[in-house]
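For reference, the chain that follows is the form predicted on its own, supplied as structure tokens.
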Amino acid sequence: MIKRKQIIKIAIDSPAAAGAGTLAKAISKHYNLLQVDTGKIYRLIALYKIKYPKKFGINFLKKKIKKLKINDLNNKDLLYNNVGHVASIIAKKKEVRKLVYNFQKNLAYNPPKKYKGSCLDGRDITYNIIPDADFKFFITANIKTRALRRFKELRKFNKHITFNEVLKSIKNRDKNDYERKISPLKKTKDSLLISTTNLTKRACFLKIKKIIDRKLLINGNL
């Protein structure tokens, strides 16, 4: 795999709906980085499984991932609760993770030249996808805050969904993410823990920006 030199690499891990995706977008836009919400890759695969149950299989996935583009991850259908549930189950499968692993690594280490680097958020980014990242963060928030955020997001597409349904889904997602045997969600010792429970999006961005700017300035990259 080709690895671009002298690029900024940011790795973010977090449980569902902690705000990591929103934060990653803001960071990526500010520093001109390729932003990849890796969880959406698994959600897209889950959507394939739901839409094409008879065709779905490892060979089917190989063809799909080979043609996968970043813009494919903007599909609004990926936000649905049932897609997230199926994604958490699929993410446990070794053969699926192997396919996605190579795709993610290539994006992280070889982003298009128009970008100054990459910023990936997911569940195993800090220790599995970009273990040598320049910056590592573990973003979290209490479960009720996360469920409320996801509930407000989903209500735009489904007026009948209830908060308790979303809360239950988040709890199940956490269990699957933390307890799976292959690449579970965990905080590494070298990841900076940031809770977004009582922080606005802007405050969280500024907090992380200060950390990044300080290191870039010391290294002469700012």
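From a predicted model like this one, the values you see are computed outputs, not experimental measurements. For every residue, the number given is its place in the sequence shown, counted from 1.
Beyond the structure shown, there is the form predicted in complex with cytidine-5'-diphosphate, which is absent from this document and is the topic of what follows.
Engineer: Which one, 132-140, 86-94, 68-76, 109-117, holds residues whose non-hydrogen atoms are within 4.5 Å of cytidine-5'-diphosphate in the model of the complex?
Structural biologist: Careful reading of the contacts points to 86-94.
Engineer: Within 4.5 Å, heavy atoms only: does Ala17 come near cytidine-5'-diphosphate in the model of the complex?
Structural biologist: Contact with cytidine-5'-diphosphate, yes.
Engineer: Even though the partner isn't displayed, in the model of the complex is Lys187 close enough to cytidine-5'-diphosphate, meaning a heavy atom within 4.5 Å?
Structural biologist: Result no; Lys187 lies far from cytidine-5'-diphosphate in the model of the complex.
Engineer: For Thr38, is any heavy atom within 4.5 Å of cytidine-5'-diphosphate in the model of the complex, or not?
Structural biologist: Taking the distances in the model of the complex, the answer for Thr38 is yes, it comes within 4.5 Å of cytidine-5'-diphosphate.
Engineer: Would Lys64 count as touching cytidine-5'-diphosphate in the model of the complex under a 4.5 Å heavy atom rule?
Structural biologist: Judged by the heavy-atom cut-off of 4.5 Å, Lys64 is well away from cytidine-5'-diphosphate in the model of the complex.
Engineer: At 4.5 Å by heavy atoms, is each residue in Lys25, Arg149 and Lys171 next to cytidine-5'-diphosphate in the model of the complex?
Structural biologist: No, because Lys25, Arg149 and Lys171 lack any heavy atom that approaches cytidine-5'-diphosphate to within 4.5 Å in the model of the complex.
Engineer: Go through 178-198 residue by residue and record those having a heavy atom within 4.5 Å of cytidine-5'-diphosphate in the model of the complex; state none if no residue qualifies.
Structural biologist: The one in contact is Arg180.
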